[in-house]
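Shown here is one chain on its own, the form predicted alone, set out as structure tokens.
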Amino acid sequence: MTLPELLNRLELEVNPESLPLLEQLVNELLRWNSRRNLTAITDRDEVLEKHLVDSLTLLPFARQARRLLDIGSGAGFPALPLKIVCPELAVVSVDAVGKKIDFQRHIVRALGLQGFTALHGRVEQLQEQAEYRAGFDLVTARALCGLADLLELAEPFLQSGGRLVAMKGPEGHQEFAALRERLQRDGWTALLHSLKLPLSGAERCLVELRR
């Protein structure tokens, strides 16, 4: 199945000019992965679905945002696909694994992306830096840690009215249910968005938190 067909299955619309750049991202990931072991997913169709299309399920949020922080971004997902499709979005991507940040920086150069900063380090190191604290209207993380821990990591970076969107598998339902009352008590608007990936049928949850 082609990338446009996969996107169409989830009713995700992207500009036609972004499609070659998304395909180039996939090609470069597979090429680098053969030497640098960036991801356990090595099949092209799986990369298209479980990295690229999965990342782009965040498009409705990214299109409303001006500045995105992606915590624990790995090889750049969802940060890189969102930047490609939303070129006006300013993106800061953080990961503790150097080779994954090297790949992100390579993609930024190869695709000529402007306004994308890939940082090597732990996100806790950024919390007290003035340029990042309360500096984002969208914070994302994909399968990084438990929801309660993620909220603690992300909250210092959120602007008033900003959103945290946690990308989860089926376990997201249970985490959301366990924390929902606490979140509401602490003043968070908490929403759960469920979907299935178009090829594998894998379940995904987007946990949206807004204060």
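Position 1 is the first residue in the sequence shown; the rest follow in order. Quick caveat, the model's predicted, so the values are computed rather than measured.
A second form of this protein, the form predicted together with S-adenosyl-L-homocysteine (SAH), is not displayed here; the remarks below concern that form.
Asks: Have a look at Ala62, Leu144, Leu179, Val47 for me and say which one sits with a heavy atom within 4.5 Å of S-adenosyl-L-homocysteine (SAH) in the model of the complex.
Replies: Filtering the options by heavy-atom distance leaves Leu144.
Asks: Exactly one of Ile107, Leu138, Val123, Val91 has a non-hydrogen atom within 4.5 Å of S-adenosyl-L-homocysteine (SAH) in the model of the complex; which residue is it?
Replies: That would be Val123.
Asks: So, His51 and S-adenosyl-L-homocysteine (SAH): in the model of the complex, are they within 4.5 Å at any heavy atom pair?
Replies: Residue-level check for His51: yes, a contact with S-adenosyl-L-homocysteine (SAH).
Asks: Flag Ala134 as yes or no: does it have a non-hydrogen atom within 4.5 angstroms of any non-hydrogen atom of S-adenosyl-L-homocysteine (SAH) in the model of the complex?
Replies: Heavy-atom contact with S-adenosyl-L-homocysteine (SAH) at 4.5 Å: absent for Ala134.
Asks: Even though S-adenosyl-L-homocysteine (SAH) is not shown here, does Phe77 get within 4.5 Å of it in the model of the complex, heavy atoms only?
Replies: Yes, Phe77 sits close enough to S-adenosyl-L-homocysteine (SAH) in the model of the complex that at least one of its heavy atoms falls within 4.5 Å.
Asks: Pull the contact list for 53 to 75: residues with a heavy atom within 4.5 Å of S-adenosyl-L-homocysteine (SAH) in the model of the complex, in sequence order.
Replies: The stretch touches the partner through Gly72, Ser73, Gly74.
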